[in-house]
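Here's a solo chain for you in structure tokens, the form predicted alone.
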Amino acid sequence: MAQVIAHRGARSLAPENTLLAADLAYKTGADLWETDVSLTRDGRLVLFHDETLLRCTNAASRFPSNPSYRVRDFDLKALLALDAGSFFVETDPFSQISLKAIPRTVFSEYRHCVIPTLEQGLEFTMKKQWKINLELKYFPEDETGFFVPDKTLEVIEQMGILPDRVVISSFNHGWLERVIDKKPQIEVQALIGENDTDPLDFGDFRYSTYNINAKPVDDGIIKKLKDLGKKVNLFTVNNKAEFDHYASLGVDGMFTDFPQLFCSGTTIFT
């Protein structure tokens, strides 16, 4: 049975990468949740996907004179002052509000969502006895060296989460090598296909698990990887027919924005 991996939490039901999205994903019954790890100006790690804060926060109105809105150019205190949830109510990114899949009674909770720290994400996962996939975000213009993987491993150790409850993934495969070298007991997964139109490059097939863009992938690639004994996860699969098809090919897991469509968990909204 293919695993259901909640992409940035249940991001079709709540503001992505927030603890509320993680909690709703847990309630759907997803096997684990995926989130993104980004670096702040003062060396803290937060759960945020984009290079800039503009799409998912009120940074532009909160700090109108800032010369930059990159996450990397804000310290943690400033990030925690941002509203990271109202955008969801205002833009309805997955049309779930207009379809009445989300009760209006929760909108006030969304407007109070903040960007979580890595520590908070790990604490939530431990409390639920769940599993987390940490994608280490890499932006080429950031000269952070090995700091992001090293710092991530430090926080993981400090929090005391069991290694089998954590997966580390990245498009930066050099960072994965760093994790393997420093903490071999933590599973790493190589992300492939950052852009929908780029050829899928697996290099020397050195990794045991590949997380592959579902847009350019085809059945032949999946079969080849499975014949090589690799685990295959696909991102992002939101269609039930596609999910079932890929599962029939032996795909091990699928990242989805709609874990509620593929799981039968408890009541999501109470």
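One rule holds for the numbers: they count along the sequence shown, beginning at 1. In this text, all values refer to a predicted model and were calculated from it rather than measured experimentally.
In what follows, reference is made to the form predicted together with a small molecule, a form of this protein that is not presented.
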* To do: Given that the partner is absent here, state which listed stretch (258-266, 21-29, 243-251, 5-13) has heavy atoms within 4.5 Å of the small molecule in the predicted bound form.
  => 5-13
* the small molecule: the contacting residue among L191, I102, L82, V166 in the predicted bound form [heavy atom, 4.5 Å] -> L191
* Structure fact -> The listed residue (W130, F139, F146, F171) that reaches within 4.5 Å of the small molecule in the predicted bound form by any heavy atom is F171
* Please run the contact check for Y207 against the small molecule in the predicted bound form: heavy atoms, 4.5 angstroms, yes or no? => no
* Asked: Heavy atoms within 4.5 Å of the small molecule in the predicted bound form: does K231 have any?
  -> no
* Asked: Do H49 and the small molecule share at least one heavy atom pair within 4.5 Å in the predicted bound form?
  -> yes
